[in-house]
Structures are given as structure tokens and as C-alpha cells.
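One chain follows as C-alpha cells, the form predicted alone.
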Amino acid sequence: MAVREAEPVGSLQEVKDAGLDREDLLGIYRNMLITRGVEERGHILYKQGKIPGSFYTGRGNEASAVGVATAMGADDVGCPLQRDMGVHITRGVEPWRIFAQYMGRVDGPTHGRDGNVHLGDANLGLHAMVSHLPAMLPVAVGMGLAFRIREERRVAVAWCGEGASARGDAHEGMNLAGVRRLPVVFVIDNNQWAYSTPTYLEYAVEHLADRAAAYGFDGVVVDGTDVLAVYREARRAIEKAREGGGPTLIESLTLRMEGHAVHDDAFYVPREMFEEWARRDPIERYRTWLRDNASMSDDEEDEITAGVKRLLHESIERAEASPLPDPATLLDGVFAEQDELETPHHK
């Protein structure tokens, strides 16, 4: 199976043919701005000592995360990781709850009971990540297998970085998905640095999507700074999986524009590389496309940016007003009681 390199999306008509109307397009822009804003404000909160532990950002990854999440159906499920803030935003996790999570408050998705990056919301089809990043791929494969057994037309989407894709659990998950032709889409955000290790020391193939052939399914490489191209390829892959066509591996090529986390100044990344990819900033690229192809006016842009700024300000205030968890409730919710279990074997 040959790997396909996706073409960029051009005209407004092409976008409409891919299933997006003008309101959708402006919504994508808003979600990308919120995504970057949450991470920029989170970085500041960390520096102020209001976020314990660490803080990870996905600057440069907004198009990849928002593009894939926009393509998912309401009943589909996802396993995003620490640089996929745009997935949480697009699926409907309110920014104030994300800030509350990072500050360890009770109103965060894990109610201040788990590592701050381990957020998820099952009601929105988002499963909380674990720190062993590719471990989420077998989780998504398990969900895809469950959908197959239940004859549900749902798809599971799993994300990982190119560094995580080299681990055994990533291989095992993709292999099983290929063997069983499960409704799973794998997204590798190839941000070109596994902490401080560059890609030429990580793998010997030209594209990570080349590996899809070894698992018996399709692979595609897409420019991860082009949100509309990412959306189009994700939608194709998700609908193919929904129709029984099996998995797809999408390699989304980006650059991690900051360090591994806020404690890392990324001194090992050549400055020229940052400068080159800064000129391909996904938000600025999409803003230009909206102005040139979808007639986004000054008033519309001002309304969106002002709304995002107001939302972020109000979200931080609301999150800071949320209390820390009561230590007396430390063990609440850790174990399910017998009468809470609904599976047949536990009645």
C-alpha cells in the first residue's frame, strides 16, 4: 500500500464539498485561537506558581488537533495527549474547566485527583490520557473492537507523537487494528523532536506513514499546519473506518514550537528551524485563507478575537474561584462500590 501525500486545500468550494459551511469555518478559527490562548495563559499561570507540576503546550499543533476533532462525529471517541488541547476545546470542554484541572481544583475534569495533564471527559467522548503516551493506542483499539462487537457505527481516534510511535504498545495496537480491520484512526503528530532527539535519529523511513503498509492499512502524510487539509484527510479516514474500511494512519507534519514542557527552553533546536516554521504558523495561515477565500471581514475578525479574549479572562477567574479538593474526600471515587457496577458479572 503506497503512502499518499495529501494536497493542500484550495478553494471555498472545495471546502464546502468536504462538508464545511462558512459558520463551521469561522468556528474552526475560533477554536484554534482558544486553543493557543488557553496554552499561553496556562504558561503564565505556571510561571506565577498557580499551576503545580509542569505545563505542556502544543504551539504549532493547533491545526492538527482542531482539524481532526472537527471531523469526528458526536458519538465517536478520542484519546488525545498532552499537546492536543485543540481536541478538548473542539469537543466542548469549557476552558474554565481546563484551567481548573491544571490548578488542581475540584471543578476540573478529574476533580483535582489526578496529574493535571491527565484530563478527559467521557461525556464528551474524551478519555483521559496516561503518562505512558502510546499506551492510549491500545485503549483506542479496544474501544474500536467494542464498537465492532456491538455493531455500533462509531470510530475511535488515537493520537501520539512520532517519538511515542516507536514504542512497542503503539506497534501492538496498530497491528491488532489492522488484523481485525477495526474502526480506528491513528494520528501521529510528527513534531520532529522526541524531547531533544531529532527525527533523523528516531526512524529510518522517509515518512512515519510508511509504517502503515506493514500493518496492512492505508497511510497518508498531511501538512499539519493546514487545518483544512487535516480536516479533509481525517474525515475521509473516519468515514472509511465507519463504513468498515479499517484503520488509517495519518502522519501530521508539524514542528513543536516550544520546549518539551515549560521547563525546557529547547536550546537544542536550531533557531533557523523555528524561524522557518514560524512563517508557516497554522493560525496565521488559516486567518489569511479566511480573508482571501471566505471574505472574513475586519468586524468578524475583531468580534471573534475579542470574544476569545473575554472568554479566557472569565475562564481564569472562574477556575481560580473553584476550591481545592477537601483532603477528607481523598478516597472518594477511587474504587467503585459493588452496587455501582452494572456489568452482568458483578450483579
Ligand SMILES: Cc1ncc(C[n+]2csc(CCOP(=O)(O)OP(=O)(O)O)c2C)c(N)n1
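Don't overthink the numbering: it's just position in the shown sequence, from 1. Just so it is clear, the structure is predicted and the values come from calculations on it, not from any experiment.
Only in words, not in the display: the form predicted in complex with this ligand, which the text now covers.
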| item | value |
| --- | --- |
| Segment assignment from 237-245, 192-200, 103-111, 147-155: heavy atom within 4.5 Å of this ligand in the predicted bound form | 192-200 |
| This ligand: the contacting residue among 133, 220, 117, 213 in the predicted bound form [heavy atom, 4.5 Å] | 133 |
| Residue among 164, 257, 128, 229 with a heavy atom within 4.5 Å of this ligand in the predicted bound form | 164 |
| Partner contact for residue 82 in the predicted bound form: this ligand, 4.5 angstroms, heavy atom | yes |
